[in-house]
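Consider the single chain below, provided in structure tokens and representing the form predicted alone.
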């Protein structure tokens, strides 16, 4: 029988209040139960940095978790969810080995370092437009800024006309609801099925135009490459929208909250904006926007002395690994001078496809807000609301205020 309630009966994911600050439990589990089976989830959890880092790159663990999405849907919604599988099965996130390399390699033609660099100007413009819309030096920096900015940037990346950006936001919200609200319910499933069909048709329409007339956006590059089917392109555009939206919102919101609640590092980045990229990196370590990365065992494997059977789910705790004192001295201190090494973008061949773009968006978002908002601070008149579940951490409402500059 376990001697500490954090080991089973009060496992941190089973107690909603613990999601506010799971790090004490994660530290206990990392030290005392580094590889831990949690029966209610029928899954293994792995906590130490070295093990998580190794398993992220272990070919005996698979990314392919597609069957679980259909099975997890309510019985009355499964037929609809099954219609989305042809697109979900194209996701590079769900592929291993040569097939993963093939899809990722073709998609990479549309998101090169040069493309990310070229997007810096549009990102800055979009951030400025969102801040211009703020009135009276008050803003929900999560819902009105960090949420809308990546949707705008991804629209630009895909070549979506500005008038159609609300569609991208609508589809993104539907995808987020399906994949991040546990358990899946009939409403989130129905919204996801609708959004998948609509976005697939829309993306294929844009792709057809790029094939006919070319262009300089992501879809034009992928169309010119010609190595993927239309279904593969449409499916992976959905993946990029899902992965690149809520995670970036969480990253921007977490970074801003950490700076606004810590006067010393905030004073440093205000005095030297060149430190903002380091603040983004330390945010990724200290408050990762995605806290768990799942894998499935392809064969029986022993990890940390524990026997994991073929087919079992293995949840890799990024949040625990990123605060492992064996890898990061004084890990519970937010230190923007710290060297890198966090695992928030994974590791190895499955490392985050859009990591460079995510960091570029977050860096520019912080630069523009700090530059344009003298006296930037949390707005005490409105409460912060948090988006925290099994795999995500970030503010959904982050009210801020600043000293409005009178017109000259």
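Numbering follows the first chain given and starts at 1. What you are looking at is a predicted structure, and each value in this text was computed from that prediction instead of being measured.
Omitted here: the form predicted in complex with a small molecule. The next part is about that form.
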**OP:** Identify which of 100, 338, 210, 285 has a heavy atom within 4.5 Å of the small molecule in the predicted complex; exactly one of them does.
**Re:** 100
**OP:** Could you spot which one of 228, 297, 247, 176 gets a heavy atom to within 4.5 Å of the small molecule in the predicted complex?
**Re:** 247
Original post:
Can all three of 63, 344 and 353 be found with a heavy atom no more than 4.5 Å from the small molecule in the predicted complex?
Top reply: yes
Original post:
Taking the partner as it appears in the predicted complex, which of 126-134, 287-295, 140-148, 201-209 has residues with heavy atoms within 4.5 Å of the small molecule?
Top reply: 287-295
Original post:
Would residue 256 sit within 4.5 Å of the small molecule in the predicted complex, counting heavy atoms only?
Top reply: no
**OP:** Determine whether any heavy atom of residue 378 comes within 4.5 Å of a heavy atom of the small molecule in the predicted complex, and answer yes or no.
**Re:** no
Original post:
Hey, in the predicted complex, is residue 54 touching the small molecule, heavy atoms inside 4.5 Å?
Top reply: no
Original post:
Looking at the partner-bound form in the predicted complex, is residue 35 within 4.5 Å of the small molecule by any heavy atom?
Top reply: no
